[in-house]
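Just one chain follows, in the form predicted alone, and it is written as structure tokens.
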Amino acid sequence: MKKIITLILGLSFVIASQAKALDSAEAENFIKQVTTQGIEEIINSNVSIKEKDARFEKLFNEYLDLDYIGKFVLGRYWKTATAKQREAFISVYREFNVKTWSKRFDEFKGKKFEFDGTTPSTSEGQIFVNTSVKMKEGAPAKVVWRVKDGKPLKIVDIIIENVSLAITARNEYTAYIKKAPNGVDDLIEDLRQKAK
């Protein structure tokens, strides 16, 4: 009986390990697609800023879960925001990030993303895909992608040189809302002005 239980546990472990490895490979292939077909082609293309922003917007809509990220960065204020405020925030947050990240990734122009495996996440159904980009000077830039399981997979954070874009935004927005007379409405207007 003990042998049978040991065998079952052993098989369960092997199956779980294979499933985890398969998820890792799937997440890494997903980010390869994002970086090669998306970021590298957009950054390296000889197009206007307006066209580049339009391409980034398409990339973001396809590969990032901006609703999920928006809820996260608004933090506890998401629960108290009205449906109208939530909709307005997600809309302006999307527009603001398309332009911000478009400029941020310009530093990788003419470069390739190297893949350095994956790291498990403490959040269920998520995994980190580790990449690096060789720069002209200094050590390669580390870019880590937090990928959320689903059909299809989605990116829920990008960590550049140990700085999480989602956590940074959450901290900034929380501090802003605390000081703003009109709270979330003031943040929405501030992001709208910055997006322009």
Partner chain sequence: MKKILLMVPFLLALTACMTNPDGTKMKVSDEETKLEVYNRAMFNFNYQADKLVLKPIAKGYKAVTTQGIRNRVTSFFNNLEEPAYAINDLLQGKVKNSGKAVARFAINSTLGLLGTFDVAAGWGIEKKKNSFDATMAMYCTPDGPFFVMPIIGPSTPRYLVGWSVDSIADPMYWALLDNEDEDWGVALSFVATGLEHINKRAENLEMLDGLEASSVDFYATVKSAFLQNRRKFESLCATQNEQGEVAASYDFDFENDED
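Residue numbers count along the first chain shown, from 1. Under this definition, the rigid core comprises the largest set of C-alpha atoms superposing within 1.5 Å between the forms. Just so it is clear, the model here is predicted, and its values are computed rather than measured.
Unshown form predicted in complex with its partner chain; subsequent notes refer to it.
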Quiz item: Does its partner chain get within 4.5 angstroms of any non-hydrogen atom of residue 110 in the predicted bound form?
Solution: no
Quiz item: Is there a heavy atom of residue 23 no more than 4.5 Å from a heavy atom of its partner chain in the predicted bound form?
Solution: no
Practice problem: May I ask you to state whether residue 84 is within 4.5 Å of its partner chain in the predicted bound form, using heavy atom distances? | Solution: no
Quiz item: Does its partner chain get within 4.5 angstroms of any non-hydrogen atom of residue 167 in the predicted bound form?
Solution: yes
Quiz item: in the predicted bound form, do 54, 60 and 150 all put a heavy atom within 4.5 Å of its partner chain?
Solution: no
Quiz item: For 74 to 111: residues with a non-hydrogen atom within 4.5 angstroms of its partner chain in the predicted bound form?
Solution: 75, 76, 79, 96, 100, 104
Quiz prompt | Core-superposed C-alpha of residue 102 shifting 2 Å or more between the shown form and the other one | solution = yes
